[in-house]
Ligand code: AAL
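Form predicted alone, single chain, as structure tokens, below.
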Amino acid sequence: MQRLPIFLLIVISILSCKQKPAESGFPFTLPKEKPTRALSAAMERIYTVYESPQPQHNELFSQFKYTALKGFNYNDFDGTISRRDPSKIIQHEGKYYLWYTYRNTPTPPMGADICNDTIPSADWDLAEIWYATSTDGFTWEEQGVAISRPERPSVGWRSVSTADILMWEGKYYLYYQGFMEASGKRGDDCPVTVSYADSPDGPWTSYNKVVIPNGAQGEWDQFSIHDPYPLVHDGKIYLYYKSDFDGGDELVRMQGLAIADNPLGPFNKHPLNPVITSGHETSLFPFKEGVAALVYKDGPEHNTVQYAKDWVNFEIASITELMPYAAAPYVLDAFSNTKDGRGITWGMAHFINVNGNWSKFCSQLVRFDCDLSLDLDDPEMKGHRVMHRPDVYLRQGLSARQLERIKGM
């Protein structure tokens, strides 16, 4: 009986010396489903954040291709004619319709200190909203003014710009920024107003009232409500917009949401605003039961495609490059109240300072194509990277100040 404790000690000692077999390394073939093993934070993320661990299998990942448009004259890009900030594209009676900010002034923009009733302060100052039509999306026929500047002191007397379109119960509504002072006098202070018509060709009747006012003093959108972008969801108008805040030289740009039962309002701003923390323009489209957003430029989550199943709480769906500037897609189901959004394959954007000369500043409309659609499978759009020629990188060279700094080190 005295030997039993010694025997037990020997067995325990042997068992304790046996080590657990080491877990084998991560498999060579990347699993399509999240494996049941310990994962790093990065590996957890590709299975829990993104639709697929490989970008080419992610429906909300795409590269973007660009094509110059035919049918627009820019006066040799001398800065006196500018077209920018395109609207969503709609189709009506076999033609595509596009609205945009149009400036035709005697001089290029000269800044807030020099501007007057004929000299613009900025590229979008002293502007009107024009429209064009196309049968193929590449060659456009300019139709002329849709929304002209009203008489002072009506909303938009200084400039009307950055329009977007809504189709609602057989009528058409153009939402746009209405400037009542030159841009730069006090930031880009402007509210949103609206005009409506029975046809996309007009004539347009101005509501002549602010439909989305600036926020109260001290709120994030107290000075600017920019880039109004309406969609129809849940039987209501979901209008997304951008605001600049923090002031100073380092503006913070984020996106908000206002909701209404009627195109003329009242619009109620969502209590969780801002709903997107990055992006310069506002560009979205229904996707499955939710909504996707192209988040280009500005902020910690720029160059991402984001998705909100509930249309409010956005998460990053993919990271991409060369995203369209001021993207205005052709969204077939923008106003259908869909719960099965099909996505987008093309649209309009703009290039700014196209001549590279800040004293002749102007912008140019351009077409983009992509594969952010459930109904398209274009492997060329799903490549992981874009190859740039050396001159693209070399144009991002050091400034004179940086060269002096380096020489002085």
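Remember, predicted model here, so these are calculated numbers, not experimental data. Residue numbers run from 1 along the displayed sequence.
What comes next is about the form predicted in complex with 3,6-anhydro-alpha-L-galactopyranose, which is not displayed.
Visitor: Heavy atoms, 4.5 Å, 3,6-anhydro-alpha-L-galactopyranose in the predicted bound form: which of 207 to 215, 86 to 94, 257 to 265, 278 to 286 makes the cut? Say which one.
Guide: Correct option: 278 to 286.
Visitor: Quick one: from 185, 297, 270, 149, grab the residue that has a heavy atom within 4.5 Å of 3,6-anhydro-alpha-L-galactopyranose in the predicted bound form.
Guide: Going through each option in turn, the one that passes is 297.
Visitor: Looking at 103, 158, 233, 226, which is the one with a non-hydrogen atom within 4.5 Å of 3,6-anhydro-alpha-L-galactopyranose in the predicted bound form?
Guide: Exactly one residue meets the criterion: 226.
Visitor: Indicate whether 3,6-anhydro-alpha-L-galactopyranose has at least one heavy atom within 4.5 Å of a heavy atom of residue 124 in the predicted bound form.
Guide: Yes - in the predicted bound form, heavy atoms of residue 124 and 3,6-anhydro-alpha-L-galactopyranose come within 4.5 Å of each other.
Visitor: Would residue 82 count as a contact of 3,6-anhydro-alpha-L-galactopyranose in the predicted bound form, using a 4.5 angstroms cut-off between non-hydrogen atoms?
Guide: Result no; residue 82 lies far from 3,6-anhydro-alpha-L-galactopyranose in the predicted bound form.
Visitor: Spell out, yes or no, whether the shortest heavy atom distance between residue 176 and 3,6-anhydro-alpha-L-galactopyranose in the predicted bound form is within 4.5 Å.
Guide: Judged by the heavy-atom cut-off of 4.5 Å, residue 176 is well away from 3,6-anhydro-alpha-L-galactopyranose in the predicted bound form.
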